[in-house]
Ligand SMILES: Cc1cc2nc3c(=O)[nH]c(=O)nc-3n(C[C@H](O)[C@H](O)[C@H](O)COP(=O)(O)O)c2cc1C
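Listed next as structure tokens is one chain, alone, in the form predicted alone.
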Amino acid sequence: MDNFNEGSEMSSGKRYPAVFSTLNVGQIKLHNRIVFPACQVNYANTDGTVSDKLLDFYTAIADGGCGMIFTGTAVVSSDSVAFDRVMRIDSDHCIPGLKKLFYEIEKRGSVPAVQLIHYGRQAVNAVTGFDLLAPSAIPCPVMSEFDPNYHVREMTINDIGRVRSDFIEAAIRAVDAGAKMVEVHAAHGYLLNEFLSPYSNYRTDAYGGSTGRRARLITEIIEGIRTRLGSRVAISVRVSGNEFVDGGLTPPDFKEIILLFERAGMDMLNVSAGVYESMERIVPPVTLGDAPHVNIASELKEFATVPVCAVGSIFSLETAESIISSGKADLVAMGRAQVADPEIVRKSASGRETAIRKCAWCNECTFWTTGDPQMYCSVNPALKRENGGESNEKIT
């Protein structure tokens, strides 16, 4: 397929001039402002390497004209493999498959990126095979219900140093494989979010207490990546701009946090919302309406000098154009819309909106909330249950 991002339909910007304007993020140049956010799909091989199914999933979105694709979530530590087919980046064994994946994405005109994750307390021991790690030994109210042997322990300083190194080494593998951007996942209640938030971090040492101390592990990871890789990579950080739990992070908290991240070397801020206890904010249902979290991104953008990405129930380029042109965000991540129709960007650019296969808002794609073995989509023929994988059995 032709490189659509460089083609006349995309570069003209006639229909959606803000969406199809270029943007520099760090040393990379995006040819449009539409992003595919990292999501859990469970399509990797059982050893965490890139499977044909995973490759086909992402290349379809690249063929559809998306400006940048965050692959993953990619696990950085062997003790945090939370699903049987989660994408991994914790050893050099993963690099050959990632090289092919990033090459195929870039060949189609999209920027290849990868999100790095440690699941922290939001996993179950029965799957990881290890004690769950967290800044404080506070069980996740959601995940602890699924495993009678659930156990989380407070991380030691040695644990923190090892995880910090795991993130940095994972970023190096990603860049060696061809990724142009890495994203540090500090949202949705996973390990780095757990450190950042007073809701889950009760430590009294150098990694707890004040905002600067709670942000320390993340800033050390950003600094480490920047020191080791320099300008070879752009660094994004994903945050939950509002956790929607009592005692959790809210937008005003990010005035100091964003400054710390930018000083450490962050090139882009990706603003989501929620933790597992407020799952409806991570994957907004129809009852929350269109783009319910854009104002959160807009509030955080007031504190940022780097580009800011908005996400959450954004289902059309018309909505994306309004968000970007109004200055509420610089980029827009469209997840479920591109799962439903990977060609939504291409079709919208050429005035074929009536041909778009629209997301049914059923959230069948969030397999980790439904008990399914992998991502399905009720409207995308390639991802429907009858074509969706080896098993239709529910995970127990």
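Quick note: we count residues from 1 along the sequence shown, nothing fancier. Since this is a predicted model, take the numbers as computed values, not measurements.
Another form, the form predicted together with the named molecule, is not on view; read the next lines as being about it.
J.: Could you check which residue among 54, 356, 39, 28 gets a heavy atom within 4.5 Å of the named molecule in the predicted complex?
T.: Only one option qualifies, and that one is 39.
J.: Quick check on this chain: which one of 77, 272, 197, 122 has a heavy atom within 4.5 Å of the named molecule in the predicted complex?
T.: Comparing distances to the named molecule in the predicted complex, the residue within 4.5 Å is 272.
J.: Can you tell me which of 344-352, 60-68, 46-54, 327-335 lies within 4.5 Å of the named molecule in the predicted complex, counting heavy atoms only?
T.: Stretch 327-335 is the one.
J.: Does the named molecule, in the predicted complex, lie within 4.5 angstroms of each residue among 108, 340 and 380, using heavy atoms as the measure?
T.: No, the candidate spot makes no contact with the named molecule.
J.: Taking any heavy atom pair closer than or equal to 4.5 Å as contact, tell me whether residue 95 reaches the named molecule in the predicted complex.
T.: Because no heavy atom of residue 95 falls inside 4.5 Å of the named molecule in the predicted complex, the answer is no.
J.: Is residue 313 one of the residues lying within 4.5 Å of the named molecule in the predicted complex, judged by heavy atom distances?
T.: Result yes; residue 313 sits at the interface with the named molecule in the predicted complex.
J.: Residue 214 versus the named molecule, in the predicted complex: is there a non-hydrogen atom within 4.5 Å?
T.: Answer no; every heavy atom of residue 214 is more than 4.5 Å from the named molecule in the predicted complex.
J.: Although the named molecule is absent from this view, report whether residue 193 comes within 4.5 Å of it in the predicted complex, heavy atoms only.
T.: Contact check for residue 193: no, nothing within 4.5 Å of the named molecule in the predicted complex.
J.: Does any residue in 226-265 get within 4.5 Å of the named molecule in the predicted complex, counting heavy atoms only, and if so which ones?
T.: Contacting residue: only 238.
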